[in-house]
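Before any questions on how it binds or moves, here is one chain, the form predicted on its own, in structure tokens.
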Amino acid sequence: METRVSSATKEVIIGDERPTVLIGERINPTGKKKLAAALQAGDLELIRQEALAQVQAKADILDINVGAAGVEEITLLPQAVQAVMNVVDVPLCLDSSNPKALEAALKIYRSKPLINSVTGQENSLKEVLPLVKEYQAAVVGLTMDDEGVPKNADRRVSIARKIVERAEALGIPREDIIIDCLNLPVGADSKAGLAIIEAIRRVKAELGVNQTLGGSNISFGLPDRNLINGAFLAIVLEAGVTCPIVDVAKVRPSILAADLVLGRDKYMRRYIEAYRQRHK
């Protein structure tokens, strides 16, 4: 199963037997007061800087989210997407829960983006999936519905299956669907990690699609979060996640090490190259 996304000049292929694809998470105002203030003022310079820094850190795809209080996403999301396309050449992940903002960004995007996201909620399925089909994009499917994020693997897998089936019914190929099983903090529930890992394994076995996952929510509220995040990412990569959404600069060495152990780094070239770059 290979998912292909592209910019005007570069294609990224996501697949189980390929090196892990890293989606940069930094262009998102959640928890970032400085970025939120800049977006509220219509200032896109910080977004450009974040885009350049993440690509320099070897992000393969950049997630673009402008959802802050007081921001008109329908106007600002396409502006942010254009600003990022002007300074970097990697594919983009258009991140909004507002279908009109997604469509505005899709209209100006060059080539094939990733849309983040559709959920198992009926209104989301009806509004987002037709956009995915019309613009021939790939899409992230979140395993949540009107009752929220399930705590158990069974419901996560059931929602994932519903999203895949509804997408395929519209003519969206399965390879263009990426599932996110939505991790919950282990600080609130010590068994949350086990449920997520089980769901990821089952989605891989039963649906065969590529999978993404936010790399940091698992450690929310706990000390030494980078240590927890690195351990968690290594486990979920083996379980079936192929393109996590992460702070690339912080976790790339851990992910390269995991890829090496999982046989996804032929002759250890990527790991050795990154080691040499870090120790120049």
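Sequential numbering from 1, following the sequence displayed. Remember, predicted model here, so these are calculated numbers, not experimental data.
Note that the form predicted together with a further copy of the same chain isn't included here; everything after this is about it.
Just to confirm the contact call: exactly one of 218-226, 241-249, 28-36, 64-72 touches a further copy of the same chain in the model of the complex at a 4.5 Å heavy atom cutoff, so which is it?
Single hit among the candidates: 218-226.
Suppose contact means a heavy atom within 4.5 Å; in the model of the complex, does that hold for all of 232, 257 and 279 with a further copy of the same chain?
Spot residues vs a further copy of the same chain: full contact, yes.
Exactly one residue in 83, 186, 144, 153 has a non-hydrogen atom within 4.5 Å of a further copy of the same chain in the model of the complex; which is it?
Among 83, 186, 144, 153, a heavy atom within 4.5 Å of a further copy of the same chain in the model of the complex occurs only for 186.
Exactly one residue in 205, 108, 194, 170 has a non-hydrogen atom within 4.5 Å of a further copy of the same chain in the model of the complex; which is it?
For this set of options, the contacting one is 194.
Please check if residue 166 has a heavy atom lying within 4.5 Å of any heavy atom of a further copy of the same chain in the model of the complex.
Contact check for residue 166: no, nothing within 4.5 Å of a further copy of the same chain in the model of the complex.
Give a yes or no for residue 161: in the model of the complex, does one of its heavy atoms lie within 4.5 Å of a heavy atom belonging to a further copy of the same chain?
So residue 161 does not count as contacting a further copy of the same chain.
Can residue 13 be called a contact residue for a further copy of the same chain in the model of the complex at 4.5 Å between heavy atoms?
Residue 13: no contact with a further copy of the same chain in the model of the complex.
Should residue 42 be classed as touching a further copy of the same chain in the model of the complex when contacts are defined as heavy atoms within 4.5 Å?
Residue 42 lies outside the contact set for a further copy of the same chain.
Between 263-280 and a further copy of the same chain in the model of the complex, list the residues on our side with a heavy atom within 4.5 Å.
263, 268, 271, 272, 275, 278, 279 sit within 4.5 Å of the partner.
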